[in-house]
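First comes one chain, alone, set out as structure tokens in the form predicted on its own.
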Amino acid sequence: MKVELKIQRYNPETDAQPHFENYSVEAEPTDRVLDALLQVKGLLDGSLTLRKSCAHGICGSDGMRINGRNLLACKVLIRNLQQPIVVEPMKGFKIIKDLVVDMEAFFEKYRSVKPYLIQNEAAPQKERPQSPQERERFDDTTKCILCACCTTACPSFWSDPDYVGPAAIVQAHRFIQDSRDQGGEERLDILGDREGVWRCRTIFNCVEACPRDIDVTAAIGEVKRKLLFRKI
């Protein structure tokens, strides 16, 4: 079948503003948007720039706006989309070129919540045990692949780029809820400031955008409750 693509292009060396260019490729209904984009790059215009890696919805590299929604290009089937398929870079980030955005500020916020196990006690002879019930408390937020789809779907982030964002809060939640971790209070201090969880307006865009089906808003709500109970 013939697939029509409308792709936002921007080369900072030659373009004053982003603009759209139209392409037509042959593809199967069961092909993914990523397949169509790679056809454009491989057969029609080698200058098209995009990120991709595993192409199986695990690495999070190919997050972009497809028909107005934040999606992973490797997970969206062409048969499920209205044509022309409009492909744009994610909102809120500086465009490096075409569909590639600068995510350094995103990862800086991720690093700010200390997304690793903090333990002040000496390492045990064996593993630190954890019950299935304790593990279940943060099972959902372990699925985050840092694609930034949730953060760049968030109106609070669009209006305030200093907001730590849903993805960083999800990563913090994963360790705050971990029974083996001793850095929870430190992370709550970080998330309790003016650019932390209280910037969330519970709009649920993040939940809709997450390609891993994480209940992002629920995780943010749990962090808010921990902060409130700590005050009480």
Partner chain sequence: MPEPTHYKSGRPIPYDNPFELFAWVFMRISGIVLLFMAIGHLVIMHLINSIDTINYQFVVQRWATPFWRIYDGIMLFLALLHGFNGLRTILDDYLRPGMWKKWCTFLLYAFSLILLVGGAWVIITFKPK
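In this text, all values refer to a predicted model and were calculated from it rather than measured experimentally. Residue numbers count along the first chain shown, from 1.
Separately, the form predicted in complex with its partner chain exists; it is not shown, and the next lines address it.
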Subject >> Stretch in contact in the predicted complex with its partner chain, which is absent here, among 188-196, 41-49, 23-31, 55-63 (heavy atoms within 4.5 Å) >> reply: 188-196
**OP:** Indicate whether T142 is a 4.5 Å heavy atom neighbour of its partner chain in the predicted complex.
**Re:** no
Subject >> Non-hydrogen atom contact Q83 with its partner chain in the predicted complex at 4.5 angstroms >> reply: no
Original post:
Would K224 count as touching its partner chain in the predicted complex under a 4.5 Å heavy atom rule?
Top reply: yes
Original post:
Though only this chain appears here, would V164 touch its partner chain in the predicted complex if you measure heavy atom gaps against 4.5 Å?
Top reply: yes
**OP:** Please pick, from E108, D102, E121, E136, the one residue with any non-hydrogen atom lying within 4.5 angstroms of its partner chain in the predicted complex.
**Re:** E108
